Each structure stands twice: as structure tokens, then as C-alpha cells.
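In what follows, one protein chain appears twice in different forms, each by itself as C-alpha cells: structure 1 and structure 2.
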Structure 1
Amino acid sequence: MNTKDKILARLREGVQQTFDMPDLSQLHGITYTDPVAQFIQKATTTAGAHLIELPGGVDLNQAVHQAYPQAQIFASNLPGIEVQLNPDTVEDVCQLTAVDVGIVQGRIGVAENACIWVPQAMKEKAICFASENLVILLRRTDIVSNMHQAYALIAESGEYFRDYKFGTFISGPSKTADIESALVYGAQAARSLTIILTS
């Protein structure tokens, strides 16, 4: 018997009592009358992100440059965004560690914890983490109340994990409290996060 069969056999023999899967449809997560307002509040307080509500007619490039006036290297593969590096065509992934601002599209916002579902939609996902600063675009209409709803949407949708086999929820900039519990933004990944809410 190989290791796998041995482990599986031991597990099958060892079970003392079996239990049914609970009915999770009976579990009701918290919902908000105004999920967008709750999302904005969570994102800008506990999550430590900046948030821009983009009025109609304002150019996205202008908003990004205004948010990061010192930045020199921008990276994205989104149409209409002016960049110096593209994560689809970058020769060496390490180049993305020099990016000042990476811009990606978020697909689901979660009001309870300011998580944004960012499925990999570019060849090098390093842009989401290695960029000094990250900008996530999110449509207001894509905000739900809680994680149960977000996971249900991902499970039902056939579009994620198709081209690239990765997706992540991001809530705020990279942070740590490993030195004497002092909260510090900018541990290993993005030092700041700006969420641009679009209509």
C-alpha cells in the first residue's frame, strides 16, 4: 500500500461517529441597508485605505495621478490607462517591484470588512502585491454586505479562475503589528491602497 492508501485507510477505520453537513442556507450573515456607505466607512477606517468616489466625466488617469502625484512608474493592463509597465507583457516579473502605482480591477466589494475580490486577470499577479501603491477600481453596484454573499457570487460565476488560477480578497494596504503590537502599514506588499469607486 502506498502512503496515500495507508492514510485513507487509517482515516476510514478511525472514524468513531459520522456527522451530517449543517444546512448553511439557514445561516444569515449581517446585512446593511446601505452596503456602499458601510463599505466606504470600513475601507477608510479599520482597513486603512484611501477612497475616491469618481464623479462621472472625470478621467481615471487624472484621478490616479492626483492620488499619487510623486509616482513615476505606473503599471496596469486595463484599457485606457496610461502606463509604463504592463503585467501581461513585462519581460521579468522582478521589474514589477519597481512599480510606484499598480492599477487593477476589483470585482466584488464586501461591506462588512472592506474586502475586495481581485481575480487574477493579468499574466503577472505580482502587480497586486509588489507595487509600492495599489489602486483598485470597483463599481458601486458590485458591493455586497457580507462574505457569504461574496463567496456565493464567486461559486456561481463561471468567469473566475478560468484564464488564471488565482484570486484574492484585499482589504487595505499590507500591514503588520509584529513589533510590539505597533500597527505599521507597508509590511512586504503594497504600502498604500486607494479604492476608486466608479458608477
Structure 2
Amino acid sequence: MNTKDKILARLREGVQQTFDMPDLSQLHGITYTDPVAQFIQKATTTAGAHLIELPGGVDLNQAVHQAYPQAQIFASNLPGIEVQLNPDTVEDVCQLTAVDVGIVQGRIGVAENACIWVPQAMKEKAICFASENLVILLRRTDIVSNMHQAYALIAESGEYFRDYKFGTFISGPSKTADIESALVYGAQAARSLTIILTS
């Protein structure tokens, strides 16, 4: 018996009363009559993201470059996106630290907290975290009300973990206030997040 098992065994010896787990089968989460409007409100306030609603027929590349006019290196593996770097073809993941704007596809938006499910769809997932700025493309029809619905969709789908065994929820730019009570952007990941909502 290793140390961990010994500690857990001693803790169990001290248990005097046990309780059944609560029934969570009827817990469905909050729902919204207009999940898209709620998502937009949460994303642009609480989450601190920039949001662009892109009508059909508008050039996606133009929208991305207008959002970051000073950027030099754009990176993505999405078809039709004009970039200088493809995260599927880099020889060393450290090359992604020079990326000004990373562009990825979000699959599920969550209205209650503006989180976006981004499954790994490229060889180097570091593009989501090493880019100075991150752009997430999201279809309006992929927005649900709550995390319960989002996790159900992830569990039901067979595509998200087919090629890679990683996915993450992203809700805004990286920020922390742990350092001398000053709010710092980009401490652990992207300094800014732009969500482009498409039809």
C-alpha cells in the first residue's frame, strides 16, 4: 500500500456518517429565450471579448485583418483563411510564440457565461494560448443556453476527439489580478479575444 492509499484509508476510518449522492438527473440549467443575444451581452461585458457579427457575403479575411490592422503574422489551418503560418506545418511549436493573431474555429458557444468550446483541430494546440491575440469563429446556430447542453453535445458527438484528445472552453482574453492587485492581460494566454459570429 502506497502513501496515498494509506492516507485515504485513514480518512475513511474516521467517517461516521455517509450520505447518498443527490439526484442530478432533473438539473437542466438556465435557459434563455434568445441565447444569441445573451451570449453577445456576456461576451462583450463579463468576458471582455470583442465581438464582430459578420453578415453573409462579407469577406472573413477582411474582417480579421481590419480587427488587427497592425498584426504581421496570422496563423490558422482553417481553409480559406489567408495566413503566414499554419500550426499543422510548423517544425517547432516555439514558432507559434511569434504569432500576432491565431484564428480557430469554435464549435459550441454557451450563453450563460460566453464560453466557447474549441476542440483541438490542428497539430499544435498551442495556437490557442501562445498567440498574442486570438480570433474564434463561431456560428450563431451553435450557441446553446448553458453548460449542461454544451457538455451533452460534446458527449454525443463523435468528431471532437477523433483526431486529437484535447479541447478547451475559452471565454475571453487571459487576465489576472494576482500581481500586486493590478489587472494584467495576456498573463497565461492571448492578450485579446475577438469572436466573429457567422450565419
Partner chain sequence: MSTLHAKAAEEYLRHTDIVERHDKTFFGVRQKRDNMAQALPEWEDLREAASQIKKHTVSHLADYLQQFEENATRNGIHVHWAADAREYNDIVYQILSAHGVKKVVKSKSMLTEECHLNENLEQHGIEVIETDLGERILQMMHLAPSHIVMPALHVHREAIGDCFRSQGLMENLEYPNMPDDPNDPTYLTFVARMHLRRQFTEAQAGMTGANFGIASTGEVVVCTNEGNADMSTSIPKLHIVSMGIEKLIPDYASMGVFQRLLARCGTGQETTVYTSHFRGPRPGGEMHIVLVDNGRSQILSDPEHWQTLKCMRCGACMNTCPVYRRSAGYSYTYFIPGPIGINLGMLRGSRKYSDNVSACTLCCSCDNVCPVKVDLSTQIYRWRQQLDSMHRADATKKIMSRAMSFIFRHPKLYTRLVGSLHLARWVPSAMMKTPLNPWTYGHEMMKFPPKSFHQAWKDLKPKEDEQ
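Residue numbering: sequential along structure 1, first residue numbered 1. In this text, the rigid core denotes the largest set of C-alpha atoms whose superposition between the two forms falls within 1.5 Å. Small disclaimer: the values here were computed from a predicted structure and weren't measured.
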property: Structure, 1 versus 2, that is the form predicted on its own; result: 2
property: Rigid core fit between structures 1 and 2: Cα deviation of residue 16 in angstrom; result: 7.2
property: Per-residue CA shift, residue 25 (Å; core superposed between structures 1 and 2); result: 2.7
